[in-house]
Ligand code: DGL
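Here we start with a single chain on its own, the form predicted alone, put down as structure tokens.
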Amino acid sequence: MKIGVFDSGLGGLIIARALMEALPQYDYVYYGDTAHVPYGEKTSGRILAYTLDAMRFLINEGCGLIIIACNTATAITLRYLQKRFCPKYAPHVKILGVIIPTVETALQTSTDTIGVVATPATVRSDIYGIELRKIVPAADVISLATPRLVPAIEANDFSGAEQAIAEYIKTFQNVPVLILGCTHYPIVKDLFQKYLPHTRIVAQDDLMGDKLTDYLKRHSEIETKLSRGNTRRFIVSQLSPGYTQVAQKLFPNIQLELF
């Protein structure tokens, strides 16, 4: 079995890199649904349809463990995938998301006030607020939709991203911990830190490698089935010059395939 990584666009690449650096021995297939990015401004039904297509694709590519790197897709679809899709369509496949590991990490140093920046769909779902309050019922969760960031990052427009961040962070001046609740945002985590120098920034590329390593140690029944060929495939549904430029910064020798 291979490890699959799915995202709506560029963000998943930085999560894939973190996983590959932490666990280089396994075989990976990355799929970015770049034809439909951004997911954060789409309806829940459309997000579910796109994610189901991606899961079927990765399963057909031999992936037995799939990481949904997209926060929006995790928020909207993960429970359905785990409870209904996998038992019927692929009972041998495990699908994991990024939200619970992120919540656990954020709460390591703060149980009082926690900020969240994310896509409009993730904020509408209140998934971070729900999961944080399951552990700390009195937690004050301040969530803000940041719709200008994903298009700017996808277009390789980091000047535009910085301008947007400079506006968005005004909400979080006195917040001790800020979750970057979109896998695109780690690409610009240094900009968040620049404008919030005294805030702990929780970026998913900093935690997912350790979290997956720990998961596999606790689930040997999955780990022993993973193939160890050290292979990587990167597949996208559409290519753009901006995407290619950022992808090459993350993986200098990357070969992008179209599906």
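In case it trips you up, residue 1 is the first one in the sequence shown, and so on. Not measured: the values here are computed from a predicted model.
Another form exists, predicted in complex with D-glutamic acid (DGL); not displayed. Remarks below refer to it.
*Asks:* Would Y31 sit within 4.5 Å of D-glutamic acid (DGL) in the model of the complex, counting heavy atoms only?
*Replies:* Output for Y31 is no: heavy atoms all beyond 4.5 Å of D-glutamic acid (DGL).
*Asks:* Hey, in the model of the complex, does L58 get a heavy atom within 4.5 angstroms of D-glutamic acid (DGL)?
*Replies:* It does not: once D-glutamic acid (DGL) is placed as it appears in the model of the complex, L58 has no heavy atom within 4.5 Å of it.
*Asks:* Would A203 show up as a contact with D-glutamic acid (DGL) in the model of the complex if we use heavy atoms at 4.5 Å?
*Replies:* Flag for A203 set to no.
*Asks:* Please tell me whether any heavy atom belonging to V37 falls inside 4.5 Å of a heavy atom of D-glutamic acid (DGL), as the geometry stands in the model of the complex.
*Replies:* The answer is yes: V37 has a heavy atom within 4.5 Å of D-glutamic acid (DGL).
*Asks:* Let me know the one among I187, V150, I114, I76 whose heavy atoms come within 4.5 Å of D-glutamic acid (DGL) in the model of the complex, would you?
*Replies:* Checking each option against D-glutamic acid (DGL) in the model of the complex, the one that comes within 4.5 Å is V150.
*Asks:* Of these, 66-74, 211-219, 225-233, 193-201, which stretch puts a heavy atom within 4.5 angstroms of D-glutamic acid (DGL) in the model of the complex?
*Replies:* Selected range: 66-74.
*Asks:* Of 104-123, which residues get within 4.5 Å of D-glutamic acid (DGL) in the model of the complex if you count heavy atoms?
*Replies:* Result: T119, T122.
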